[in-house]
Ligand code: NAI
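In structure tokens, the next block holds one chain alone, the form predicted on its own.
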């Protein structure tokens, strides 16, 4: 695949239109389909507005912005994908919907067309099973907003051919993205490893140890995170974030490490989805007061360390189970969710004995399996090794 390869995008929502913009910016002809005609027209208007804004700010010249827009065509059905060499779907995160889409698009495209899914947590093997040529199906998980976020997780399924893996990674690298390769397990790298950032923060809140504003302050002040966990959940959307947690929890056979939170579930049930609904963990309505953190440095550092050791433990376990390489795990967390440091590098800087000691104290206090240390973490600490030694 190269710049002459026609690209198809299924789904004209935020992710689909963002991916279309990325591909068109690299020079590809892009066909976009959505079964909802209003979604197609809305996406077209949104893309042209974004390109116009980029031209106004001087990030693109007007001729380039116009050319990018003209390379994106919205088609009324999947027949418009007949000449595509690479098709990526970005539809609702439901396996039945995705398998139906793949079965249909496969009947339209050529035998050598690569079929990619932007799923964030569903099985690539299960999606590819809907196709007669499952070896050409692969995961290509972009992060929102796709034009701005650098990371793409490349996820081969059980039947994906090596040639498709290499071709897809090369294509998306050419789009200016940073790619990492992940095993086809629930959550891949980022959505698996990041679960404690939300889950342990919610646990601290539910226990009454600290409030929302204080937990967010602690993670930013002492950890260097750009956003606190509650700010980020509100930004992502509590419905989206909760659904990913629920999916990962079920996919790992209800491992308590990934257990969803009642506090977040109640917000979703109430329609307090975050910024997009005007209320979430914070109140975004006009004139609403913004809560102030209780700035106690000792408490703030304890909050950071409790969440950090859980994140490190999850990263170590991802390496133990060969979800991805050491470097790709750290790269994914810095490029995919803007963590200030790679977690395995952070583990070395903190000291593996210190990480294990804190996990051990949490396990002793709560007696819950969610705090069990990764076998790799224990093994390396026992041998006096570090991840980057």
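Positions refer to the first chain, counted from 1. Computed from a predicted model, the values in this text were never measured in an experiment.
The protein also exists as the form predicted together with this ligand; that form is not presented, and the subsequent description refers to it.
You can rule out all but one of 200-208, 83-91, 171-179, 108-116: in the predicted complex, only 83-91 has residues with a heavy atom within 4.5 Å of this ligand. Every residue in the set 13, 33 and 98 has a non-hydrogen atom no more than 4.5 Å from this ligand in the predicted complex. Proximity to this ligand in the predicted complex, defined as a heavy atom within 4.5 Å, holds among 261, 120, 123, 247 only for 120.
Residue in contact with this ligand in the predicted complex (any heavy atom within 4.5 Å), chosen from 50, 344, 39, 331: 39. Interface membership of residue 281, defined by any non-hydrogen atom within 4.5 Å of this ligand in the predicted complex, is ruled out. Residue 144 belongs to the set of residues with a heavy atom inside 4.5 Å of this ligand in the predicted complex.
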